[in-house]
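Only one chain is given next, in structure tokens, and it is the form predicted alone.
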């Protein structure tokens, strides 16, 4: 007889006790980091290509105005201005800018940037009207959004 007992064979199973914790951590990670689109576009847009691009540093300070002909044909074919999820006229731009400024902290209110996403077939007259109203609302930083840099011909 031997003095020592043989060790029993160790289990070959993979421990799965921590697996639910890992799954929940991944689930919470994706829930926290996912950003849903905030605005549904109601205007048709083919945005012209840019020749010069500048990257923004603080996207939190950017608000968007969409200009283009409406997707719903019952609204006509003239270009409309969409702010958030509603159409506004040029007369309401000052009020809209003030509402957007009120969402920011007091220090950041003067740094608001309005990004114009304009359809390439839109006439320049409505753009000039928007620029004038933005100037009256003291929103001096205007940006024209473009998807990518145009290739050299």
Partner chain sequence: MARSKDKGSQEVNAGSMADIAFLLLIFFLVTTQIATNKGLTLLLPPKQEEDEPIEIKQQERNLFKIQINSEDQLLVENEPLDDVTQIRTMVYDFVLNFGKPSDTKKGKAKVSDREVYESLPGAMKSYIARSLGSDESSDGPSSAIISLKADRGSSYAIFISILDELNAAYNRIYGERVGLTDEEFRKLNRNDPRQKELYDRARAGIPKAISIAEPSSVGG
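Remember, predicted model here, so these are calculated numbers, not experimental data. Numbering follows the first chain given and starts at 1.
Separately, the form predicted together with the partner chain exists; it is not shown, and the next lines address it.
Find the only residue in 51, 99, 91, 85 having a heavy atom within 4.5 Å of the partner chain in the predicted bound form.
-> Flagged contact: 51.
Hey, in the predicted bound form, is residue 41 touching the partner chain, heavy atoms inside 4.5 Å?
-> No - in the predicted bound form, heavy atoms of residue 41 and the partner chain never come within 4.5 Å of each other.
Is residue 120 a contact residue for the partner chain in the predicted bound form, using a 4.5 Å heavy atom cut-off?
-> Output for residue 120 is yes: heavy atoms within 4.5 Å of the partner chain.
Heavy atom to heavy atom, is residue 104 within 4.5 Å of the partner chain in the predicted bound form?
-> Flag for residue 104 set to no.
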